[in-house]
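One chain follows as structure tokens, the form predicted on its own.
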Amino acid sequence: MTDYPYEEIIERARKGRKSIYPTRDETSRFSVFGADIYGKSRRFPTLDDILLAPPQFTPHRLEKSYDLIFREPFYRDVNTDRIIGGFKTTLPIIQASMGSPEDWNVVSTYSARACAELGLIYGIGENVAATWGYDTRTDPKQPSLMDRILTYFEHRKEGYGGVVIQQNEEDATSELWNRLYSDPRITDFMHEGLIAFEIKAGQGAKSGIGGEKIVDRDTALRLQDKGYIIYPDPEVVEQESYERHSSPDIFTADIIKNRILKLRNDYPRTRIWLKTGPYRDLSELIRVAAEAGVDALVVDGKEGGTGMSPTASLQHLGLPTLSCLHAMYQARKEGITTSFVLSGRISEGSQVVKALALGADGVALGRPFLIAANSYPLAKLFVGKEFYKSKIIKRLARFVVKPSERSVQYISNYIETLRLEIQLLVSSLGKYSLDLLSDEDVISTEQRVAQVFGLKDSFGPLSTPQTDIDLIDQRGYTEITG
């Protein structure tokens, strides 16, 4: 037996360029991708290598009992409100800025309503207006950009939430942010400080690559004149599907700093957020963005999912989510107070609590919202299964179960499970405010993680903090800079 990749080479030889993307058919379809860290032996540590460490002595619980007077505190007394990037939210959970993939877009307004009613921050990714229209739908079955925005504000919980909107190079060509900033339908929300513009500087599964998508010929012809790279040229070659590439943009420390400052000047009524990926110079980026006055920095670890990334980037590109959290942790030690949002394969309340204890203000979830929105009867038979990528199976499933208002309830149910987990776990730590969480509340089962963060090792004494060391001893994982 050998592990030589015979089948992979044959696949590449037979399908050519299509084979480097994790799809099995002519068009992009429902896809729940991300770095495979469990299919084979794990290649790097994760939040699962950190445990929450409840104490026997709970002075904060005693203090809370004084406030309550007539009873002892319990989990429902945990206040989960949070201020993130200038927005007040009922939970430290943000719907990540997901863009134009059709299987997300078709349920995006249901998620907008769920987030609004729950008092959560709602993100909108790049390419939405270019693909599905600014306010006039390019496809009657697919919501436009304004459909997403207005649905959110029609259902917003008073005093909570906000909308974060990305713009990439192609969106900038159409002056998307200028158009939004002057749109009378959302002017009042701008004045209330309920909208943020988010610079897209990277993402987890394809850091440094840019936007990737497989589109049909009509879409390819429509997008070719809007700054996208289309392969092959739909004017010359007629086929069912085409690669759509968008620019990863060019950044230096000065470019990032000046862009943030310029946005502050050009759009004084909006919050300014920055979304980035798992880059090796992340610690430097954090310092530059903080000095420029960014309201929030969202960092997506390499485990972060995306609708379309080359398989090679899913497996080999970028720092793990835990490495990104370490950069945030170090920044807190340096006194940086900018709002930090962590993303990348986060789906449980325990992971949220661990991230907050180590320096994050909140977490952004993408795939969990997509999966929850599609949790219809028999969903377990389809979602995430290989055969669901088949065009015939996909159409059959959509014919039987069309996206509907039920998605709002499914998303709400899912978020409620996270709320309960967060409250139970924070209460177990003897604390009743998320602001009280700290590194005293966690220990590590992985010695090298303990050394990097300076945490207690579950099998030994307090480890000596280190920087610029490999997270995983002899197995050779990504080095953390910071």
Partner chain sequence: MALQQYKSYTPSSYLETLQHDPFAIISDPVMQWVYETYDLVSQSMRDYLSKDQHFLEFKPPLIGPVTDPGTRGAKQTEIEFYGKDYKFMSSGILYKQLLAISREEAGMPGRIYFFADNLRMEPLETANTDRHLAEFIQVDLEMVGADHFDAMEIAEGLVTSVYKDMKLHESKLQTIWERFAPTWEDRGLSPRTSLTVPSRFKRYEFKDAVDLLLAHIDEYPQVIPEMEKRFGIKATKLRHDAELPWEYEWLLSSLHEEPFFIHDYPRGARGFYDREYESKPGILMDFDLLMPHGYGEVISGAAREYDHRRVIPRMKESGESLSKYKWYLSFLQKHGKPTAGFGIGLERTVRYFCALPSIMMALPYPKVPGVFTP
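From a predicted model like this one, the values you see are computed outputs, not experimental measurements. So that the term is clear: the rigid core is the largest set of C-alpha atoms that superpose within 1.5 Å between two forms. Residue numbers count along the first chain shown, from 1.
In what follows, reference is made to the form predicted in complex with its partner chain, a form of this protein that is not presented.
Among residues of the shown chain, Ala172 is one whose heavy atoms approach its partner chain to within 4.5 Å in the predicted complex. By the criterion of a heavy atom within 4.5 Å, Pro268 is counted among the residues contacting its partner chain in the predicted complex. Using a 4.5 angstroms threshold between heavy atoms, Pro140 stays clear of its partner chain in the predicted complex. At a distance threshold of 4.5 angstroms between non-hydrogen atoms, Gly335 is out of contact with its partner chain in the predicted complex. Contact check at 4.5 Å (heavy atoms) against its partner chain in the predicted complex: none of Glu440, Ile443 and Gln447 pass.
The single contact residue among His316, Lys402, His191, Arg76, judged by any heavy atom lying within 4.5 Å of its partner chain in the predicted complex, is His191.
Only one of Phe153, Tyr160, Tyr181, Tyr376 comes within 4.5 Å of its partner chain in the predicted complex through a heavy atom, and that residue is Tyr181.
The partner is not drawn, yet in the predicted complex one stretch among 319-327, 172-180, 204-212, 141-149 has residues with heavy atoms inside 4.5 Å of its partner chain: 172-180.
Although its partner chain is not shown here, in the predicted complex the stretch 206-242 places heavy atoms of Asp225, Lys226, Gly227 within 4.5 Å of it, in sequence order. Glu334 shows a C-alpha shift below 2 Å between this form and the one not shown [criterion: core-superposed Cα displacement of 2 Å]. In the core-superposed comparison between this form and the one not shown, the C-alpha atom of Lys262 has shifted by less than 2 angstroms. Once the rigid core is overlaid between this form and the one not shown, Glu72 does not reach a Cα shift of 2 Å, moving by less than that.
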